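Single chain ahead, written as structure tokens, the form predicted on its own.
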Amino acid sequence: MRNTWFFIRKESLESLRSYHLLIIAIVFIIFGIEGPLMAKLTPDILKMASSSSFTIKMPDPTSIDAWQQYYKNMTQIGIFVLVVIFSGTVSGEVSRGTLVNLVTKGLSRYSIIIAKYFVAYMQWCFAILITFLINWAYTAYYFPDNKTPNVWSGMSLLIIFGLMFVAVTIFGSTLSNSNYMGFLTAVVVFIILTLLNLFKEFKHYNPIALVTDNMSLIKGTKQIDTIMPAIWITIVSSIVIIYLAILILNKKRL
């Protein structure tokens, strides 16, 4: 455990020195501002694009539109930005040989995986929370309605989904010395889960529900109990995937 905390401190300092946290903060602050701003400005933009012969009519924007834009940004771009940052976390060090001295001095290989997973997941939580809080503040300012009463429920699913998605990225980064393998593995898993969601019998258990059912929870049309099987499968899967990553690194030549 002592070795693990040592490596966590090392990874945290590296995230600061490599400006990963700064990049995450800038990108996700923009996402947080962009959602409600686009919801507010879209009707005016469409009105400007209309002509006397062609008029585009839209209902007045609400908090629903702001949160829809937020989750669209997060699930289509945001989480993959994070995966790109985490993608080479193991493979980069293996290819550079920077782990050899640490392991020969007594650092256990499982500590490497656990520490890298922990630091990457903390960055995931930081990114989700910072953009959520900004989006929440701007949405409350622009759209003070009661159409999205359960905003915390939707956000919590993104936090939980990160348990598995970060684990998949770490696992992929352990498979190869290529810095792109973590990203490719995460994308492939995301596509597979999305395709499985086309089958009704899998929807109740599919982890992808944690990034597709957010708006239903926020609006109160669905209760979190209905996707508890998917939540538990996500949590258990993350443990199994990290365990597999440890097994692979134990057999990997550094």
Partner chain sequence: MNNTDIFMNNLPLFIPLILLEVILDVAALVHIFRHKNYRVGNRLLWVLLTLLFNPIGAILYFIIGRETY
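Numbering follows the first chain given and starts at 1. On a predicted model such as this, the values are computed, not experimentally measured, just so you know.
We do not show the form predicted in complex with its partner chain, though everything after this point is about it.
For the three marked residues, 23, 26 and 179, a heavy atom of each sits within 4.5 Å of its partner chain in the predicted complex. At a distance threshold of 4.5 angstroms between non-hydrogen atoms, residue 85 is in contact with its partner chain in the predicted complex. Although the partner is absent from this view, residue 64 stays clear of its partner chain in the predicted complex, with no non-hydrogen atom inside 4.5 angstroms. Under a 4.5 angstroms non-hydrogen atom cutoff, its partner chain in the predicted complex lacks residue 187 among its neighbouring residues. At the 4.5 Å threshold, heavy atoms of residue 203 stay clear of its partner chain in the predicted complex, well away from it. With the partner omitted here, the stretch from 118-126, 136-144, 67-75, 160-168 that lies within 4.5 Å of its partner chain by heavy atoms in the predicted complex is 136-144.
Between the options 37, 196, 215, 224, the residue in contact with its partner chain in the predicted complex by a heavy atom within 4.5 angstroms is 37. Using a 4.5 Å cut-off on any heavy atom, the one residue of 86-100 that reaches its partner chain in the predicted complex is 96.
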